[in-house]
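Starting off, we have a lone chain in the form predicted on its own, written out as structure tokens.
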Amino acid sequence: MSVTQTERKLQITDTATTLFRQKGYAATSMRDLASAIGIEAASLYNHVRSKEELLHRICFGMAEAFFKARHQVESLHLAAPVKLRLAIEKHVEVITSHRDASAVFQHEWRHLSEPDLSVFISMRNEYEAYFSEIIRQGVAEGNFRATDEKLAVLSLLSSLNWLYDWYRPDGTLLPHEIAAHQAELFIYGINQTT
């Protein structure tokens, strides 16, 4: 049975994602990718222009997933602690659903060329600002104590972003349980009443 163009493109992207995570973007060649798929290297170029196109697809695909999750939370009118808990849950869902892509997204984006690199950094900053806004909202509501919001957001996201490394689908904790635990730790830390 022959593979359709769409199926092959997806196979190439999935295989590239795995290789970029295992070996790193710079150390992965198109020949490595073709070999892992079981096709000739020249055949790859019928489906993709370059290795960087694959990196772009992975990084911006993940950014799109995070932004989709963000918009689901932003559209709700909730108190900051509830909103932050939900934002953490959505962030955890994205990472645990796409572990290899999350690893590439977190570490290999630096290999993007301009103007994609600047666009990616801008999107990342915008996403971090969304968490900062939730913390500001919580301070204004009297639910969170005043804190260095930049440090708080970087600490939170750093903690969550490493999930790709240790989360196991067959482990003892489900993604929503991890999210609830992380939210509890973080929100307790900045709660006005503690």
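The first residue of the sequence shown is number 1, and the count goes up from there. No experiment lies behind these values; they were computed from the predicted model shown.
This next part talks about the form predicted in complex with the DNA, which is not shown.
The stretch among 47-55, 140-148, 160-168, 63-71 whose residues place heavy atoms within 4.5 Å of the DNA in the predicted bound form is 47-55. The single contact residue among Ala36, Met30, Ala129, Ala152, judged by any heavy atom lying within 4.5 Å of the DNA in the predicted bound form, is Met30. The DNA in the predicted bound form comes within 4.5 Å of no heavy atom belonging to Asn125.
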